[in-house]
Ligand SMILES: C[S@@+](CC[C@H](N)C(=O)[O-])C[C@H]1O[C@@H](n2cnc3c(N)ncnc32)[C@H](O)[C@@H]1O
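This document starts with one chain, in the form predicted alone, laid out as structure tokens.
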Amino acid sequence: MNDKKRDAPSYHRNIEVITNQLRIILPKNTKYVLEIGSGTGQHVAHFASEFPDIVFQPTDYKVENLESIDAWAADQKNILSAQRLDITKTDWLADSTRKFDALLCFNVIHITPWEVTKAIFIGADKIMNKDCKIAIYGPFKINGTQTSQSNEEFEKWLKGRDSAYGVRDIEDVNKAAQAYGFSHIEKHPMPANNFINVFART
């Protein structure tokens, strides 16, 4: 393995089921997809191999992740160079020459402050096409209730790391989405008490 490539155990657990859901979720004739929080880069590299007609833009807040993302992407012609992205800055990707058809955000909003969740929709309103989809993957509460004991324990662990972290309630996320012209349209149950929640313009 290229020594710049890092490996995330979660990738091996969820990549196939996520990819199968993307075949359903991604809008028809999708050309450009933005990924927020690309991490090691394994997911986006796999998506690019499965969707060769789509161009993917990987991003991550952590500069140290960009090298691994680009290493995994090296064999794929339809992945752009990874960019550092702080989505709490309102001008993110302001210099982009393209509009995106879909935004993917996996395993991010529960390990970031709530401001990051709101910022996803603020920025998406500026850079996404009219018929775009936003797909957010991870654990969620439903109507204020955890979906499993393991998620309740997971949230306690998260808050032990940082009190600003936590399993988000899908209703709260939807309210944030609605404030910027998006609404919750689909909920796809996933293994290990996770979901892919999908949003589109209102």
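In this text, residue numbers run from 1 along the sequence as written. The shown structure was predicted, so the numbers you read here are calculated from the model rather than taken from an experiment.
Not on display, but discussed next: the form predicted in complex with this ligand.
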| item | value |
| --- | --- |
| Heavy atom of each of Tyr61, Val108 and Ile111 within 4.5 Å of this ligand in the predicted complex | yes |
| Contact flag, Gly39 vs this ligand in the predicted complex, heavy atom cut 4.5 Å | yes |
| Heavy atom of His43 within 4.5 Å of this ligand in the predicted complex | yes |
| Partner contact for Asn65 in the predicted complex: this ligand, 4.5 angstroms, heavy atom | yes |
| Non-hydrogen atom contact Leu85 with this ligand in the predicted complex at 4.5 angstroms | yes |
| Contact residue in the predicted complex, from Val116, Leu103, Ile127, Ala71 (heavy atom within 4.5 Å of this ligand) | Val116 |
| One stretch from 140-148, 48-56, 29-37, 172-180 that, in the predicted complex, holds residues within 4.5 Å of this ligand by heavy atom | 29-37 |
